[in-house]
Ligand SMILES: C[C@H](O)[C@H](O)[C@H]1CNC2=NC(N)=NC(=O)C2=N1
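In structure tokens, the next block holds one chain alone, the form predicted on its own.
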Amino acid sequence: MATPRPLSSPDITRRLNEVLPHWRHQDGALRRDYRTGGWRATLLAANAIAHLAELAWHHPELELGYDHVGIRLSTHSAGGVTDLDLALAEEIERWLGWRPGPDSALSGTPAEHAYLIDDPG
């Protein structure tokens, strides 16, 4: 497989605006911060991200704190943000943002056990 090419800043901005509005392009990488309901939720989110990254064989940098997870994605071999980073960001966003629908047999996490906080940051 050929090394992917870095995308231009305008291309990255356009793609983020189209499909990843909670992500930003900062310091040569894609960045997203999630607020969590506490340490347990932070570890659950980090493990979900790690699972997706391992399946994709494309690994982000994670910053973990008591009530937050920071994600930083870039393709080191290409020296910047590539389609690989955007694709993994989309999967992370899709999986961490999933919630049972109103007609689902699944009830979802009760409010008193907040997992990921609905925060666009």
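Keep in mind it's a predicted model, so treat the numbers as computed, not measured. In this text, residue numbers run from 1 along the sequence as written.
Another form, the form predicted together with the named molecule, is not on view; read the next lines as being about it.
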_Pose source in the model of the complex; superposed partner the named molecule; site open or blocked by backbone or C-beta within 2.4 Å_ = open
*How about residue 51: is it within 4.5 Å of the named molecule in the model of the complex, going by heavy atoms?*
no
*Heavy atom to heavy atom, is residue 77 within 4.5 Å of the named molecule in the model of the complex?*
yes
*asked:* Whether residue 66 contacts the named molecule in the model of the complex should be assessed with a 4.5 Å heavy atom distance threshold; does it?
replied: no
*Out of 53-61, 89-97, 26-34, 40-48, where are the residues with a heavy atom within 4.5 Å of the named molecule in the model of the complex?*
53-61
_Under the 4.5 Å heavy atom criterion, name the residues of 12-51 that approach the named molecule in the model of the complex, in sequence order._
none
